[in-house]
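Below you will find one chain, with nothing else, as structure tokens; this is the form predicted alone, and questions on how it binds or moves follow later.
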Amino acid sequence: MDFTDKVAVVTGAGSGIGRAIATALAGNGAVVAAADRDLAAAEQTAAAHDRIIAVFLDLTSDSSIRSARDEVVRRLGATAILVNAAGWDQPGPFLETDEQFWRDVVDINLVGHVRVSHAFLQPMIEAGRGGKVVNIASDAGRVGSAGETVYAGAKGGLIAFTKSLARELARYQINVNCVCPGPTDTPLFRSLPDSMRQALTRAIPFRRVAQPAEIADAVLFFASDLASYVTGQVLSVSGGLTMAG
């Protein structure tokens, strides 16, 4: 796939799936803004490839997002590819959570992506060259996940947001699609109790969790010209863990 000189922004690019997406896009020619609220982590991502720059972006702050957008436009130009990959959760029983936790989960996993999309889509539309938006949701948002009830709700909202945004942006030749990873070898997954990690792995037909690069491969497809006539779609990358339509 050839993304030569296309400007891409990837949120949550300081680690895990976001880092894999940023490096994959850069490796295929894109100029990438690795955006993360952990600027040191984003700088580590940028150090891996000379076509990546690090940008501070806090999903919970509208002013931070707009500042990041202005920095990207100033340094790289209008965004052609936007990947909303940032996410956060702390698995546990719903009845043991509180309102602050709910607000944090929804703010990071849904509202933050709405904020980022609203900010970065404006210059993309003004550039008049179309574009690609890829949202990273979760299979939890498709089929539910015990111990991740609020997270599943936020990711389900992101899936619905993807489909509705795709309808609105089609007139601008902007494709909006969604990748739903299953269990993936990320810092969040490694933080889970060993018994939970083993149970999840056993439940997957391939008997292994995904590598972040395998999620990035799906993102590259949606971001490429191969998906020029694909919009509003949801792709599960879960090793067969979920097979519901």
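Position 1 is the first residue in the sequence shown; the rest follow in order. Being a predicted model, the structure only gives us computed values, none of them experimental.
There is also a form predicted in complex with a small molecule; it is not shown, and the following applies to it.
Novice: Would you point out which of 147-155, 122-130, 70-78, 167-175 contains residues with a non-hydrogen atom within 4.5 Å of the small molecule in the predicted complex?
Specialist: One stretch meets the cut-off, namely 147-155.
Novice: So, Ala216 and the small molecule: in the predicted complex, are they within 4.5 Å at any heavy atom pair?
Specialist: Judged by the heavy-atom cut-off of 4.5 Å, Ala216 is well away from the small molecule in the predicted complex.
Novice: Flag Leu188 as yes or no: does it have a non-hydrogen atom within 4.5 angstroms of any non-hydrogen atom of the small molecule in the predicted complex?
Specialist: Judged by the heavy-atom cut-off of 4.5 Å, Leu188 is in contact with the small molecule in the predicted complex.
Novice: Would Asp38 sit within 4.5 Å of the small molecule in the predicted complex, counting heavy atoms only?
Specialist: Asp38: contacts the small molecule in the predicted complex.
Novice: Going by a heavy atom distance of 4.5 Å, is Gln233 a contact of the small molecule in the predicted complex?
Specialist: No, Gln233 is distant from the partner.
Novice: Among Thr60, Gln44, Thr201, Gln211, which has any heavy atom within 4.5 Å of the small molecule in the predicted complex?
Specialist: The residue from Thr60, Gln44, Thr201, Gln211 that makes the contact is Thr60.
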